[in-house]
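Coming up is one lone chain in structure tokens, specifically the form predicted alone.
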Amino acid sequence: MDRRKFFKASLAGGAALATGAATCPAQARDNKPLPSEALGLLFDSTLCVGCKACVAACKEANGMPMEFSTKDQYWDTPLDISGKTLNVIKAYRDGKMEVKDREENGFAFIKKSCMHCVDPSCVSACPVSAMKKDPKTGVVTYDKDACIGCRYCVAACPFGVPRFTYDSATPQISKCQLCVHRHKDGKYAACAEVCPTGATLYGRVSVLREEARRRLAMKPGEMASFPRGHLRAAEEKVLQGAPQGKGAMQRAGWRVESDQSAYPNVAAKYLDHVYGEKEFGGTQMLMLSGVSFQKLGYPDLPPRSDAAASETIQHTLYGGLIAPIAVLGALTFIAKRNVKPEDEGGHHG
């Protein structure tokens, strides 16, 4: 086939593809739903005392090295999550820091680790499925053997969670995987297992949401009991058919129970907001606080996930063949423009 015939065939093929694409428009998708047995964490900033037992337990459970931020390297002092630290406790400070969990002249503690998004951008952005979301538990995991080091997941995450180990001879992504390697032994997330106050709880997201609503309904200043560790008993009751919905467990008489003795404490004045319940399509790590989440370092995000929006655009472009047709047309135009007259008319003797 000579060049003239090639150009004619390319243009004809592009027109046919465009006609087919017009009859099959891509459909915008919604956020993906929360898996029915989704596991996650509930972090209550008002109960956190900044002891960082969760940081140490996470390091031990995941075999992470110490990280120093001071001249005297006596103990582990990470300032943020990194290739060496998967979970960290940060502090909010304002003015004289006189009262805990108050924005003005107060202070508060906040946990930072993977949010395990319901519709995660890192999974959507990964071209080789090194980032995966378990269809049953919803836990977002990372496969270092599949990773090609593109770091698309790093750029895609709105929470700045996946970190790349630039200082390693064998670099990889580091992020919390909710201690999935401990599940086979009947254990759970180390950060929740060691938390002395119940500031970090582990369990099914449906149960954690109920516990969050129970706390929001408390009167500030009253004595209350806070479960610690893993909400096992409540999970079993939910699986046996406990009613769902806001406050359903309390109305039906179900009690939130855990595998550790409860922690007695005075109920704080919470913001009427469970962070992670709707943000970005929802996350499996939920948070309560008495201080604005934006001041604690968490972004104000829309309810629609980036993955839903970006995949809709991708499907529109590639599912409808718009982008390939546009590229083919551009290349054809450039090639035709650069063809010399003698190439089109043949050689003259």
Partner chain sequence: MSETYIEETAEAAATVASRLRIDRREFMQFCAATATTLGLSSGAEAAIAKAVEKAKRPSVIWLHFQECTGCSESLLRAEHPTLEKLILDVISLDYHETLMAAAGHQAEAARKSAMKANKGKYILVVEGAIPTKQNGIYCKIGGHTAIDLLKECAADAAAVIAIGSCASWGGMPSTIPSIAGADSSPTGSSGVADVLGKPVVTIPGCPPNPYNFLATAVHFLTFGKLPDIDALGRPKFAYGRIIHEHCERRAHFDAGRFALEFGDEGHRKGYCLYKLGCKGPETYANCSTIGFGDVGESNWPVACGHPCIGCSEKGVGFTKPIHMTAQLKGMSPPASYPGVVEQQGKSSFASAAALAAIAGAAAGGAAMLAKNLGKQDEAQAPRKGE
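Computed from a predicted structure; not experimentally measured. Positions refer to the first chain, counted from 1.
The form predicted together with its partner chain exists for this protein as well; it is not shown, and the discussion that follows is about that form.
Per the 4.5 Å heavy atom criterion, its partner chain in the predicted bound form is contacted by stretch 85-93, the sole one of 210-218, 85-93, 133-141, 176-184. Residues 52, 109 and 195 are all found to lie within 4.5 Å of its partner chain in the predicted bound form, as judged by heavy atom distances.
Taking non-hydrogen atoms only, residue 260 approaches its partner chain to within 4.5 angstroms in the predicted bound form. Although the partner is absent here, residue 73 is not a contact residue: none of its heavy atoms lies within 4.5 angstroms of its partner chain in the predicted bound form. Contact check for residue 80: a non-hydrogen atom falls within 4.5 Å of its partner chain in the predicted bound form. Residue 38 falls outside the set of residues with a heavy atom inside 4.5 Å of its partner chain in the predicted bound form. Residues from 293-311 that approach its partner chain in the predicted bound form with a non-hydrogen atom closer than or equal to 4.5 Å are 295, 296, 297, in the order they occur in the chain.
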